[in-house]
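Below sits a lone chain in structure tokens, taken as the form predicted alone.
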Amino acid sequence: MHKYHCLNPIAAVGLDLFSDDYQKVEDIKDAEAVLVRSAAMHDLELPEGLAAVARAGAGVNNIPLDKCAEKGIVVFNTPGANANGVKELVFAGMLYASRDIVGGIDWCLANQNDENIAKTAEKQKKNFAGTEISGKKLGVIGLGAIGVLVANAATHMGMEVYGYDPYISVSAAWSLSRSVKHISNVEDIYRECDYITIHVPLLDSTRKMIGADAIAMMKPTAIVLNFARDLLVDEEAMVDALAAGKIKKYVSDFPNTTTVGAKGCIVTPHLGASTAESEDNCALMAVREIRDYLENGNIVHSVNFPDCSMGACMTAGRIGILHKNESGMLSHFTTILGNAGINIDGMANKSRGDYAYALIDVDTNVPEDVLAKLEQTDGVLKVRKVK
């Protein structure tokens, strides 16, 4: 019986995918797997029996990735599951920034008791006039699941779209519309585009990538949209530029004391993935990842270990070994198994940075003493008997 714990409410459509071999537990210390959305895990005590964490969403800044890796805990996320929900909100942000819709709504509420509001509105509406997005230049920084959807949809709305991503995947490249112009220098987007939307992960290399120098290149009519992570933008520099009239608007989905209420800032309360469909999609993907790992040993969409899959487990035995990415590890594993008279039917080993994962199919049940020898090998983090 596999036991799982939910640190946040997870959509029932996902939890329903668990078979009768799974039991939901109320205490994380009893769990083999954890599902989480936004709950902070950095200060949690992670039990020895914990094998996997699945984040029902893309960002994993609430999970201690290195700590998990050192304990042999595989962390998954659900890339692309909420992409459409975020894409739609990006376009809402463009429209809110281009036309003073919020100001117009506020005016209507403030004048709701005016018996002649219809006539008054005809006189006042010029105060909330804006511009259309059709025919404007959109720069998309980051062409992952969300960026590609935004870029492609923008072409159908009549926008001239520029895309920048030096690390674009083959899958994303195939999905990208031919109408999107691939840009090799991000500064061209800063200089040329009317709208700039950022869709990259938060890394040391991307932290505050849109800073004072980038903002200084932009048009005074430029609108910057940030539905990825607030720390991708130097928001102090952004607020200063808005106050000085150097750019037009900044739209962010991450409220904080710097941007909320500041001139030119339109801020929403982290609504990007807050749709029933996105929550369902994330839950479904997270549960499938957990099941595939616990039942087959396969790792797909991990953020701290390499992806490694050998399909459904059809052999007499399968073991998964999470280990440091050091030379000679595989020879240690094969020697231990060989000395025990265990024949290897198939094997895959993948590495990612400091960590690696070996998935080994064998022709017999692996005894506990052999598993213990594997786990006692220097550099081994955790050994799982899948079957």
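Owing to the predicted nature of the structure, the values given are computational and were not obtained by experimental measurement. Numbers follow the displayed sequence, beginning with 1.
The following text describes the form predicted in complex with a small molecule, which does not appear among the structures shown.
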Where does the small molecule sit in the predicted bound form: which of 350-358, 33-41, 66-74, 335-343, heavy atoms within 4.5 Å?
33-41
Contact with the small molecule in the predicted bound form, heavy atom within 4.5 Å, among Val362, Met329, Leu50, Ala58 goes to Ala58
Of the residues Asn111, Ser175, Ser274, Thr315, which one places a heavy atom within 4.5 Å of the small molecule in the predicted bound form?
Ser274
Report whether the minimum heavy atom distance between Lys181 and the small molecule in the predicted bound form is within 4.5 Å.
no
Any chance Asn304 has a heavy atom within 4.5 Å of the small molecule in the predicted bound form?
no
Distance check, Thr197 to the small molecule in the predicted bound form, heavy atom within 4.5 Å
no
Taking the small molecule as it sits in the predicted bound form, is Lys219 near enough to touch it, meaning that at least one heavy atom pair lies within 4.5 angstroms?
no
